[in-house]
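A single chain comes next, written as structure tokens; it is the form predicted on its own.
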């Protein structure tokens, strides 16, 4: 396209490359989702349908960007881990951030009727996003451990809080006052003694969050097929030494992957040791 006298304005666009050789984590977070859950009568303390919708949107993002190897979601947020070697959009921060956030948001809105068919959207939900770079695999593990620990802390509080409101007859203000200053053991005892709730019996989806992992499908072994004559003919290039071994053409094997949904512990070593490719260089 030919330039014009106005093209100089492009010089004001500054480059925003992300530091190479670092792990990239992009987190999308619901904007004002407290209001959204109230306006659309989400089940308290957890709405299975809404969480499944979040998982769907995250899966759509991972299907679009193959360099995302891991995603973790809780409540109204999802964190995506890119391969350390990713060169997506030349690692341009604004391009990556806006595209991922917009795909997640559009998927969430588009698939809303599938998960909440009897709850029409009253207004468009929105998400914000941020990218954080981490220098080491240890930092990445600690980041996801932080998010899963946050999931447990929030869910424990919300579970006993809504038990006090919905079963105990307290107002939200009274429930907050009842729980002020309590430790985890006190919350567990309160749930069990007053409401018969054993926290360990609650779905791991709520206690552990959602983990989406990109797993590789091992390639199928190629069958050895011999010609009908039983002889193998070799094509020798012109000018080649007939006594030398023929060159074997290398095939570019395209690795296929699938996305697995888990609700398990990722703070311990077992999860990461079973999936070393997630943090490979």
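Residue numbers count along the first chain shown, from 1. All of these numbers come straight from a predicted model, not from anything done at the bench.
What follows is about the form predicted together with a further copy of the same chain, which we do not show.
Shown alone, this chain has one stretch from 208-216, 44-52, 66-74, 22-30 that lies within 4.5 Å of a further copy of the same chain in the predicted complex by heavy atoms: 22-30.
For the options 151, 159, 79, 105, the one in contact with a further copy of the same chain in the predicted complex, meaning a heavy atom within 4.5 Å, is 105. This chain is drawn without a further copy of the same chain; in the predicted complex, the residue among 94, 177, 197, 166 with a heavy atom within 4.5 Å of it is 94. Using a 4.5 angstroms limit between non-hydrogen atoms, residue 124 touches a further copy of the same chain in the predicted complex.
When a further copy of the same chain is considered in the predicted complex, residue 12 lines it closely, a heavy atom lying within 4.5 Å. For the chain shown alone, residue 202 is not a contact residue for a further copy of the same chain in the predicted complex, no non-hydrogen atom being within 4.5 angstroms.
Not displayed here, a further copy of the same chain is approached by residue 101 to within 4.5 Å at the level of heavy atoms in the predicted complex.
Annotation for 119-148: interface residues with a further copy of the same chain in the predicted complex are 121, 122, 123, 124, 125, 126, 127, 128, 129, 130, 132, 133, 134, 135, 138, 139, 142, 143, 145, 146 [heavy atom within 4.5 Å].
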